[in-house]
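There is one chain below, alone, in structure tokens, taken in the form predicted on its own.
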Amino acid sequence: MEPAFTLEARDPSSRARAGTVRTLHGSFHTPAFMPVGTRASVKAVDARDLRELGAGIVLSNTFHLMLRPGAELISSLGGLHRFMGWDGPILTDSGGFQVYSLAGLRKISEEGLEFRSPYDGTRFAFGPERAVEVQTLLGSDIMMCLDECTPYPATREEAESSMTLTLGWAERSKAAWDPATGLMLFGIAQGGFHRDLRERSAAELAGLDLPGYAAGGLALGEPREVMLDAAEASLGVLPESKPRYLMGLGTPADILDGIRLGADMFDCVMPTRNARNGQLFTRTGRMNIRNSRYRDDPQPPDTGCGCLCCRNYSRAYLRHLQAQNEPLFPRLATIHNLAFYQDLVRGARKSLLAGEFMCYYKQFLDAYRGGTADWPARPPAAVSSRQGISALTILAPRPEPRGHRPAALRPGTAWPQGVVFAGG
């Protein structure tokens, strides 16, 4: 079988790397951010939007689709790709995290999970074999082994017991998986926040020789430095020849640190959920469009962004839409936030191919943390183009659309102190 992952570049001063993953429904480049379409829909946008944003792969959820409308129904309609109108790669989470969140409605044993549907109370039994069966019915390009998400906080004994259970389920998942389908199966490393357990879990999982791997059980409320230490422990042991997926980390800084530590794939609901709640991601921090200071602001949300929203609409207009609960607002805000995330990982990849990842990493975070979008009095000096590759030039590589736009809505707008936020 042809290897599913090709490594194309490594950063000399970190573990960051760039590559390409091949699936039955095409290839995608890494680092990659996967928009989350839990119930076969990325909220507020459609498949055409996702293609235009440059998303290479999307994520959906086994648990929710099994419950409604049902994996057998989706299979009878041609599979998940045809069902949701998306012809690119799809990764499906196994549903372990969703069952973990059903405290009081679930029971976990060596056999698998027993739970009551959060929709109608129907009782379900869900083991590793059924998780693979459901994902095969969906036609997922990348399937995830069923895992138990170790809670935080957890004792060492609890973390070790959970890790052992997950490893046993991974073995059963592999036995249930048919590689001849061309669908890939990823295992999930656990171990709580104990570094030695993380390393042991990753090493034993690697022994299964699966097409790819993930580090799970993170971003559960633990301090950020604890989260990154656990991620580093897992990623440092998982095979370099396989794609590595860091599950659930969502802030721009978390994603860049995940790339620095050697992760290739990311997902999070943050860009879409925050968009619906009026928060936009920009190259100088997060913007709360509800703030009164945007009532008459003619600028686009992010002067360095070339997305449909920033090309055509002002902050004042978006604030108006949000204040009036207009359905157009979540669509435009979601398009912008997803564009920001796609630009983030696309910029990281471009910098890796150029051998300048740590320059990109530092410049991006200096700009992003140096001041919030609500007080952009001055962009940080570290963004100056005199310091090597311009992170923000890399960050917005989409071609300039045709058509006239007012100056305030064009990328490349000059900011104070001579800093230019490039777009297009």
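All values derive from a computational prediction rather than experimental measurement. Residue positions are given as counts along the sequence shown, with the first one as 1.
Not pictured, yet referred to below: the form predicted together with another copy of the chain.
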| property | result |
| --- | --- |
| Candidate stretches 306-314, 220-228, 176-184, 152-160, one within 4.5 Å of another copy of the chain in the predicted bound form by heavy atom | 306-314 |
| Contact at S27, A203 and R244 by another copy of the chain in the predicted bound form, all three, heavy atom at most 4.5 Å | no |
| Contact label in the predicted bound form: Q324 to another copy of the chain, heavy atom within 4.5 Å | yes |
| Another copy of the chain contact at F97 in the predicted bound form, heavy atom, 4.5 Å | no |
| Touches another copy of the chain in the predicted bound form: A125 (any heavy atom, 4.5 Å) | no |
| Contact of K43 with another copy of the chain in the predicted bound form (heavy atom, 4.5 Å) | yes |
| Answer option from L73, L102, L353, L208, heavy atom within 4.5 Å of another copy of the chain in the predicted bound form | L73 |
| Proximity to another copy of the chain in the predicted bound form, single hit among H194, H320, R346, R286 (heavy atom within 4.5 Å) | H320 |
| Residues of stretch 141-162 in contact with another copy of the chain in the predicted bound form (4.5 Å, non-hydrogen atom) | none |
